[in-house]
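First, one chain by itself: the form predicted alone, in structure tokens.
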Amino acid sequence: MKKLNLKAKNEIIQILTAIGIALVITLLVLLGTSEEPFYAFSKLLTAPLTRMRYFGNVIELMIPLAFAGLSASLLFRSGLFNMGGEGIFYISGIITTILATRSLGNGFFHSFLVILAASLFGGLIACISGFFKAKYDANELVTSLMLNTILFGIGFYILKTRLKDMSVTGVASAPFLDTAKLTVIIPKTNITTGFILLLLLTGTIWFIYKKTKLGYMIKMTGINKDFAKYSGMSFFALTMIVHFMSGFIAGMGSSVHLLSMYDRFTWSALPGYGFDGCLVAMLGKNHPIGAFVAAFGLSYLRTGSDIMARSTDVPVEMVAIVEMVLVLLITADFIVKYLKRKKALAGGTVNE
């Protein structure tokens, strides 16, 4: 227990150091490009806290990022580098739209049914790349990226031919029914009951990791797939279960986001949450609470950069510098750990 606490502390220190380095680099860039660098930097860091509406924006943006991060962290933790969350977010949004534009009962039942259907569909779709990985050892990164394109093509075709509202300009569905939308829990914001669902889900994933046999199997398979096999664990079953859970969470995130923030489906491109989820998972060290915190931090930065862009001469794209530096630092850490693990396995020991 003491060793785990020490490891957690070291990882927190590493992440804080990476964030500090990223912010210092951002300040240096501002000094070279802006006429009011310190004012812009202060806006980036403090503006989301100055108004309730701004802080509400942080939570609203954080919710889909956290769902996507939890989805990706499950796969990464079991040693699977699958990026299929992007396509699942889109196709589950189509399922949400099909059901949210039809009368299916009162408010609670309707929204519950929509979210459940989108989540189950997302889980089943994720099992496609999981099956090819478990059965034929196909590279899950390749199959998931191909699946993203296929899912977008199918979803956009359905949107244009079956769901499009001809009375509006552009490609958009009919409006969601009020009974399907989630209830706002904080006035003057769009923070809905979806945030409570996120908290419950984060706690559930934490419990699975820490208290169940499945969580142990996921961890051991991620550390050493061969060791897990020789210990009697079914790699096929575990791969399918993890993919289903990951897709289920991504589908749920898509549905919650649409029913909280949108009046109708308008996505004419992949939303980008699947790829953001990979960043959130890496920042959160594949831990559910870490992913939750990382999603909040990333959302905070993006909201701060948006306010900064409206108040100063600095473009909103400035936050991309912070994200890029964080990705480089965190990725470098992953590579070092991977090389150490490979060297240890070659020597017959695992130093984890």
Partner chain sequence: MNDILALLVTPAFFYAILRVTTPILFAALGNVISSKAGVSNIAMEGTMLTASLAGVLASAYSKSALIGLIAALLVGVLFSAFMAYLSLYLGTKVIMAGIALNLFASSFTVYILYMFTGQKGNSASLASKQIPSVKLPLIDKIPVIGEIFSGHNILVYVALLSVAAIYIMLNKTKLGTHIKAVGENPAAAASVGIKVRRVQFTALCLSGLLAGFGGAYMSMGYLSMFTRDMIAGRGWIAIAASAMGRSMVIPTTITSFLFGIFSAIGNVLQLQNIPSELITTLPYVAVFIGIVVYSVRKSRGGRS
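Positions refer to the first chain, counted from 1. Keep in mind that this is a model prediction, so the values were computed, not measured.
Unshown form predicted in complex with its partner chain; subsequent notes refer to it.
Counting any heavy atom within 4.5 Å as contact, can you tell me which stretch out of 206 to 214, 253 to 261, 178 to 186, 277 to 285 lines its partner chain in the model of the complex? Looking at the partner contacts, the answer comes out as 277 to 285.
Joint contact, V142, K160 and V327 to its partner chain in the model of the complex, by non-hydrogen atom at 4.5 Å: So, yes: the whole triplet contacts its partner chain.
Non-hydrogen atom contact S311 with its partner chain in the model of the complex at 4.5 angstroms: Answer no; every heavy atom of S311 is more than 4.5 Å from its partner chain in the model of the complex.
How about N224: is it within 4.5 Å of its partner chain in the model of the complex, going by heavy atoms? Residue-level check for N224: no, no contact with its partner chain.
Is I289 close enough to touch its partner chain in the model of the complex, meaning at least one heavy atom pair within 4.5 Å? No - in the model of the complex, heavy atoms of I289 and its partner chain never come within 4.5 Å of each other.
Indicate whether its partner chain has at least one heavy atom within 4.5 Å of a heavy atom of A138 in the model of the complex. The answer is yes: A138 has a heavy atom within 4.5 Å of its partner chain.
Proximity to its partner chain in the model of the complex, single hit among L45, M52, I321, L27 (heavy atom within 4.5 Å): By the 4.5 Å criterion, the partner-contacting residue is I321.
Quick one: of F121, F244, F195, F156, which gets a non-hydrogen atom within 4.5 angstroms of its partner chain in the model of the complex? Only one listed residue qualifies here, and that residue is F156.
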